[in-house]
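The chain below stands alone, shown as structure tokens; this is the form predicted on its own.
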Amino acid sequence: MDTTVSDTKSSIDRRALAAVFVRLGAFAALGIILLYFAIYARGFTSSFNLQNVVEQSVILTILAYGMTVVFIGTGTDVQKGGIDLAVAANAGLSGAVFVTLLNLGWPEPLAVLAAIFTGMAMGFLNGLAVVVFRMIPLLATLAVMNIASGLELTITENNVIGVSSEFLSTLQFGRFLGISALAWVLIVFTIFVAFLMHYSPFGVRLYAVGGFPEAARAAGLNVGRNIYFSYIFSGFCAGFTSILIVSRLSASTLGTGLLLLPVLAAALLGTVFSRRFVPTIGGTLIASLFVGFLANGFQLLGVSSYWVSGVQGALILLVVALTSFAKKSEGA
């Protein structure tokens, strides 16, 4: 009897230690990769390049925040919980709406609100499919992704639509205290989402719904309403990001769907940089910057962009495998 208990305890200790090594290994890998780029990629550590990576990562990071909130509200187990495959296409649709309305002479504030409303409407559609029609989130958001892509092509007639305004120029080139406007957007948005998810009663309830839905129901929480919110917030992130995309390109873009893979990689990788392998805003921020620096380092080394997509896909497979192992270890 005592021997059995001792063996069980020893097995648990080994598994818990393995879970710790997974976390430490992720940070070690991050440090080694950045050090390699710092040594061999010319100009990687220059202030101009570092600022450029941060600015380029703003779009990826905010979209990844939307995906992270979906993970939080629909299940902290990223393999069995919800997902929002429509978030990148949603940003493209919202951007098309924004640019079209500006070119029609709409005031900028109204065009901004319309873009954000479009994103949230697509998020509501995701929630409707998942909560009301009880569709599998993977299939539901895949369907909404195609709806958003089709609407975008209809609005733009498969063309890139250019636009310019003082507001967009300020977003693209403006600076305050030596920091670019896009970087300030990332700082403020990160503080807002982190407070909402980690320091407000609402965030606590959302984690409860995602992690323990049956217990949340027993406690009187409206699980469906919280799931709706997570998808609508992801849509809000898509609509908000569409304005940043237009400001960087001075036009709408038909390629936002290509952002889905890095967004998914950042949101999933963020769980490895978080405590207990639970999605967090801080973990997603680290992961998004890591994905941004990875793409930038490859570019400076002259490595084909095709390899970047391959590495991002490999990261998704690795993260899902590691988090599955770590969660089983901690559960044991």
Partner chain sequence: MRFKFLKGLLAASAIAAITATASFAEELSLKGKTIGVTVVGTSHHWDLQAYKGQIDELKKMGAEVIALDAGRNDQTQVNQIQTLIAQKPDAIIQQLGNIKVLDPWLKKIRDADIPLFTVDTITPHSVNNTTSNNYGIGSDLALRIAEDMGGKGKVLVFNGFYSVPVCKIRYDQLKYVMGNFSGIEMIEPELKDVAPNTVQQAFADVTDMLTKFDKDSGLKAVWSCWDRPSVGATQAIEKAGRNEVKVYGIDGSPDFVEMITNPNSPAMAVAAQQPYEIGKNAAINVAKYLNGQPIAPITFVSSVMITKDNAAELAKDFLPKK
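Here the structure is a predicted model, which is why all the values come from computation and not from measurement. Residue numbers count along the first chain shown, from 1.
As for the form predicted together with its partner chain, it is not shown, yet the points below apply to it.
Asks: Let me know the one among Ile187, Leu258, Ala121, Ile179 whose heavy atoms come within 4.5 Å of its partner chain in the model of the complex, would you?
Replies: Contact residue from the list: Leu258.
Asks: If you check in the model of the complex, is Leu300 within 4.5 Å of its partner chain, heavy atoms only?
Replies: Yes, Leu300 sits close enough to its partner chain in the model of the complex that at least one of its heavy atoms falls within 4.5 Å.
Asks: At 4.5 Å between heavy atoms, is His198 in contact with its partner chain in the model of the complex?
Replies: Although its partner chain is absent here, His198 would stay clear of it in the model of the complex, with no heavy atoms inside 4.5 Å.
Asks: If we define contact as a non-hydrogen atom of the residue within 4.5 angstroms of the partner, is Asn158 a contact of its partner chain in the model of the complex?
Replies: So Asn158 counts as contacting its partner chain.
Asks: Evaluate Thr45 for contact with its partner chain in the model of the complex, applying a 4.5 angstroms cut-off between non-hydrogen atoms, and reply yes or no.
Replies: Judged by the heavy-atom cut-off of 4.5 Å, Thr45 is well away from its partner chain in the model of the complex.
Asks: Have a look at 113 to 121, 249 to 257, 230 to 238, 201 to 209 and name the one stretch with heavy atoms inside 4.5 Å of its partner chain in the model of the complex.
Replies: After filtering at 4.5 Å, what remains is 249 to 257.
Asks: Within 4.5 Å of its partner chain in the model of the complex, counting any non-hydrogen atom, which residues from 163 to 198 show up?
Replies: Gln172, Phe173, in sequence order.
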